[in-house]
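Take a look at this one chain, the form predicted on its own, written out in structure tokens.
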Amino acid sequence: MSAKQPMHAGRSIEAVAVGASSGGIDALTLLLQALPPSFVPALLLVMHIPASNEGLLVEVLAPHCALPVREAFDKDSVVPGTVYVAPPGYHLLVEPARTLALSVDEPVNFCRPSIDVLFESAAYAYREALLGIVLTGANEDGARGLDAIRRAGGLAWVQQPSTSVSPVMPESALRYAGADRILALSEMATELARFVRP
């Protein structure tokens, strides 16, 4: 096992892709504040917020996280132990060379950024080294993408719908894709915090 790739369920996890919508800021804050500085995978975050709120998520989340939190830029290389936030109004994708891409293509599920777009591209780039997480939200974005992650050999975690501010998104993900783990946020935070250097 590489010192830079923590093991989970028999495979190395290099990136964690997370999607959230209604109630997502509180959920993301809880998860990020649990992560130690030795956390290894890169985190790629999509949250549905209006395009006018540029920079808001980084400002809100960064004070609660021991890792660097930055807005994603086109052609950025994905650096381990770094949190990348999709800019409002742009789809965030991961290219096969593990660089980021931004797109203003049409909204997917009425959303740009779209969780599905991130998940599907990250599944292709990372395969079994990817963990996808669907959190609270009020639409079906993320369900198709989580299915792509599982089909590519990656892991899928879904927030327990009964603990979600809005259960529609996790329920849709479970219905369409299923999950390897269904977790309350506190449990998910504890599990994520284990992705550290051995």
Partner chain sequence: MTQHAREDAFDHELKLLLDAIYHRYQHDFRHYALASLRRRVSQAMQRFGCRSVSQLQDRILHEPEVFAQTLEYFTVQVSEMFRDPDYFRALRAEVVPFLRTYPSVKLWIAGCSTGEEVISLAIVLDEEDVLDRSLIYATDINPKALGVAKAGVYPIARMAQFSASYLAAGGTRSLSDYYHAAYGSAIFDRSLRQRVLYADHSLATDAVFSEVHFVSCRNVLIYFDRELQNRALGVFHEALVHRGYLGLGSRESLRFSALAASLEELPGRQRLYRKR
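Residue numbers count along the first chain shown, from 1. Model, not experiment: these values are computed from the prediction.
Keep in mind that the form predicted in complex with the partner chain is not shown, yet the notes after this line are about it.
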Query - Partner proximity in the predicted bound form: V104 to the partner chain, non-hydrogen atom cutoff 4.5 Å - result: yes
Query raised in the report: Does the 4.5 Å heavy atom contact test between P88 and the partner chain in the predicted bound form come out positive?
Result: yes
Query raised in the report: Is A152 one of the residues lying within 4.5 Å of the partner chain in the predicted bound form, judged by heavy atom distances?
Result: yes
Report task. Answer yes if any heavy atom of V83 is within 4.5 Å of a heavy atom of the partner chain in the predicted bound form; otherwise answer no. Result -> no
Query raised in the report: Judged by heavy atom distances of 4.5 Å or less, which residues of 61-86 approach the partner chain in the predicted bound form?
Result: E71, F73, D74, K75, D76
